[in-house]
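Single chain ahead, by itself, as structure tokens, in the form predicted on its own.
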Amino acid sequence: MKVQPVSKDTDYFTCLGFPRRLTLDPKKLEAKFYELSRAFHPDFYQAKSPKEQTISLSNAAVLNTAYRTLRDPIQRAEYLLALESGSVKDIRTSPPADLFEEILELQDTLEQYRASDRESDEGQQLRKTLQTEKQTLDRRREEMESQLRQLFTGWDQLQDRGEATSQARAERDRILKQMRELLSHRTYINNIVNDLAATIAS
């Protein structure tokens, strides 16, 4: 039997044989990935035509990307958003409105710390302030991830019901919009937390 190329139109969920759900069992996902990896592995096609060898390599690459994307809950949500409502590049990283002032102050503190003598009393004090800020932002990120998990459950329940009513479509759009907003805020907070961690560690 000849190996068939995975269609470029095939989404990652279909590629791995899963419905477009946001709560996936990691063990089942991994098992399916290994099962398909064996089927597509280039070693099985060494005696085949160059064309089939090329297809098997291409399929293996698509499969690897699909698995890496769906294995991570945040990447999975971003990918689903791209499928359902356009490019993920539309998700701009923006600060949560209620944290805007706080983040401006934090940027000032970061600049002061970078310019300070780290060993001085002032430097030590600024460092403590930054550590406290980082803990606050870590908690905020965890809250966002908790809200995202609730939205994932809501999305999956909506998909399971499979209703095509205008009410179901409105609910679907509401969930996608909230997810987009939360993912944008989470990415923004994540970047600041990483910057903070790197600055404090240096």
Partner chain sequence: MAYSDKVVDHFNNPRNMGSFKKDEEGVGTGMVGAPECGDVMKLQIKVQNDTIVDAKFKTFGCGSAIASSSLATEWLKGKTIEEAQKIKNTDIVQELNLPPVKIHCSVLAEDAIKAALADYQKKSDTEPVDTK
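Between two forms, the rigid core is defined as the largest C-alpha subset superposing within 1.5 Å. Positions refer to the first chain, counted from 1. Not measured: the values here are computed from a predicted model.
The protein also exists as the form predicted together with its partner chain; that form is not presented, and the subsequent description refers to it.
Contact check for S120: no non-hydrogen atom falls within 4.5 Å of its partner chain in the model of the complex. The shortest heavy atom separation between A115 and its partner chain in the model of the complex exceeds 4.5 Å.
For I74, no non-hydrogen atom is located within 4.5 Å of its partner chain in the model of the complex, even though that partner is not displayed. Contact check for T23: no non-hydrogen atom falls within 4.5 Å of its partner chain in the model of the complex.
The candidate spot formed by F100, L104 and T187 is fully in contact with its partner chain in the model of the complex: every one of the three has a heavy atom within 4.5 Å. Once both forms are overlaid on the rigid core, the distance between the two CA positions of E102 between this form and the one not shown is 2 angstroms or more.
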